[in-house]
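The chain below stands alone and is given in structure tokens; this is the form predicted on its own.
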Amino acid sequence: MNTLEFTLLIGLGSVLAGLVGVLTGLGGGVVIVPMLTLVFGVDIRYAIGASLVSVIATSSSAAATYIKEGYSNLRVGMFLEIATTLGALSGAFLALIISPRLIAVVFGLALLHSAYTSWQEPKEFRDNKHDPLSRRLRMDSSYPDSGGLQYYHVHNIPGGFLLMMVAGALSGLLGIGSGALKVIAMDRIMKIPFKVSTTTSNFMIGVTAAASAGIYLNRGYIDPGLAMPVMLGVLIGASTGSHFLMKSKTKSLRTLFGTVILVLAVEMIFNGIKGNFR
């Protein structure tokens, strides 16, 4: 395989990763890293570096659309980024000192969780009770729906903050957006509507990835020749996906995505245990 063919194949795979990442709110990194390591034989640390760049591109592309349409909750996103940034810095430092085999196994376990999350039917919470801390921080908001504006209240901010620190650590360690944990923290714990949780997650993952990408860049683990086709492909996929998210039915897509991620998870864990990663 020559350089041009290698670049084109990676670019095409990245388009799919960006599309699926935006539609599910999980981020494209859960597809990018296994694709680069298992299919193309890229060193896992360089794969993580390229994935972090793609996560930033995904977030930047989708965030503008969601904010303009009124779905993302900026106050919630900016507040929780304090937690995810602290976690991302810790995870990035940890990734540079532990074994690639261990990273692969941990990544596989994270993929299993993402697959499980994809198969779950999202629940919409409708709670008319105000949370005192949420009211003080002015996090309650609304989002557009077919029946007009839907108002909602944010709950359990400390619990969501703690889970966001874990999400940030996984992002820095594994090169993913940790969208699954972010959506769970907002949707299940903070009782934010699913559409708002998904769009706010897409807004947040770029900031989280940027915090750890600087560390990978400083250590030389971001290769421009690899990161460029990944970033461009993810941008194309994310731009396409962001326009269809609010109109499309994602149940079938989430089921298919969960199945693919399950296969990738088993492959990552198996290869990590066997020591196929350097």
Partner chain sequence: MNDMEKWIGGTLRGGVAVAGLLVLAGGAMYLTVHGAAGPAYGAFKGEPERLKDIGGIVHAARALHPRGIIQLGLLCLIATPIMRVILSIVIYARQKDKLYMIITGIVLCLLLYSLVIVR
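Positions refer to the first chain, counted from 1. All of these numbers come straight from a predicted model, not from anything done at the bench.
The form predicted in complex with its partner chain is left out here; the points below concern that form.
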- Please determine, with the chain shown alone, which of 184-192, 146-154, 104-112, 133-141 has non-hydrogen atoms within 4.5 Å of its partner chain in the predicted bound form. 133-141
- Leu89: heavy atom within 4.5 Å of its partner chain in the predicted bound form? yes
- Query: Is Gly160 a contact residue for its partner chain in the predicted bound form, using a 4.5 Å heavy atom cut-off?
  - Reply: no
- Using 4.5 Å between non-hydrogen atoms, is Met228 touching its partner chain in the predicted bound form? yes
- Is there a heavy atom of Ile98 lying 4.5 Å or less from a heavy atom of its partner chain in the predicted bound form? no
- Query: Mind listing which residues of 32-50 have a heavy atom within 4.5 Å of its partner chain in the predicted bound form?
  - Reply: Gly41, Val42, Asp43, Arg45, Tyr46
